[in-house]
Structure formats: C-alpha cells, structure tokens
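Starting off, we have a lone chain in the form predicted alone, written out as structure tokens.
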C-alpha cells in the first residue's frame, strides 16, 4: 500500500511524524516545490519523502491536510480518482453551512473527488497532540473514522493501528461522523477530545 500526505503544515507534519515513528514510507507534497519541502521531510525521518503534487497523488491512499478551501484545486490535478482512498483530515471551521450546500464538510469534499472512497479521520486532534507518540501507559490514542463507503473504513483503521492509534468507527458521515465535524462556527463534540483505549 502506498501513502501520501498532501499539505505539509502543522497537521501534515504531525501525520508525517506518525509514519516516521513506525518506519512506514510516505510521500509528502504541498503547493511548495518538493525541493523546498525536502529539508523538512528529511528532518522528520528517512521514510518521509517530498515529491511533486502530481507524483504524490499516485499513491493509493491520500491524506488531505490542506486548508479546507484548497481541496477543490487538489481534486482537479487528477482526471479520475477511481480506486483511491482519500482521508479527509481537514476541518471546515468557520465556513458557513450554506457554503457547503447544507452538507457536512466531508460529504461536500467527496463531491470533488468523484470515484474515490472518502473517509473522515485524523481531524479531531490538534497538531501538537497528533505529532506525539500515540502509545501512552499501555493505552492507544483514539482516532475517529467515518465514511459513507462501508468498505473504505477497514483499510484506514488498519493504517491507524499500524501508526499506533486506536481507531473508533463512527459509521456514516451524517450519523456518528457528525460528531467530528465543524458546523459553521461550532465544533463537533468529539473534536479536541484526547481519548485513549486500553489494548488495541
């Protein structure tokens, strides 16, 4: 399985640290040229490789960690997203609900990535916490996952476990998934909750 993180700000770098900690290769890309990102990537770890956006989008699983307003530009880079899994680690706060056609932000994002399997995940923790080792005192830090594509969550849950997290599946986006979505100027009740699960 190949992985890419698109967006190399605080959240993107935090996720890159999670991959590096487990020696899992991941490509990182952003609006900046790969040679600009390369020193930052190398500083995170040897398995974190900066590439062009086009090259990064060749990965099978892509984590979106860009500012919310940029996702549509990312979506335009590929003519087809069929067969890819897109993990939405973004938050739309404080975008007004009317700008999202009344949808939850991940459902709105999914419209741009036609053919992809979209999973909401890794978005509820602040970067400083997300960057730290998720295994603490025998417990694993929880990450919440939700998707309208039933067979999409399991591979993302497996990735979360590989990274040391404890995945908790919330079901469909508009069901349990609503708990980790920002709505206008309010946060979902599970956002910022730093929870641990004993064992895996």
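Positions refer to the first chain, counted from 1. For clarity, every value in this text was computed on a predicted model and none was experimentally measured.
Although it is not shown, the form predicted together with a small molecule is what the next lines describe.
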item: Location of the small molecule contact in the predicted bound form, chosen stretch of 151-159, 167-175, 135-143, 58-66 [non-hydrogen atom, 4.5 Å]; value: 58-66
item: 4.5 Å heavy atom contact, residue 42 and the small molecule in the predicted bound form; value: no
item: Contact of residue 89 with the small molecule in the predicted bound form (heavy atom, 4.5 Å); value: yes
item: Touches the small molecule in the predicted bound form: residue 26 (any heavy atom, 4.5 Å); value: no
item: The small molecule contact in the predicted bound form: residue 49, any heavy atom under 4.5 Å; value: no
item: Whether 4, 81 and 106 all lie within 4.5 angstroms of the small molecule in the predicted bound form by heavy atom; value: no
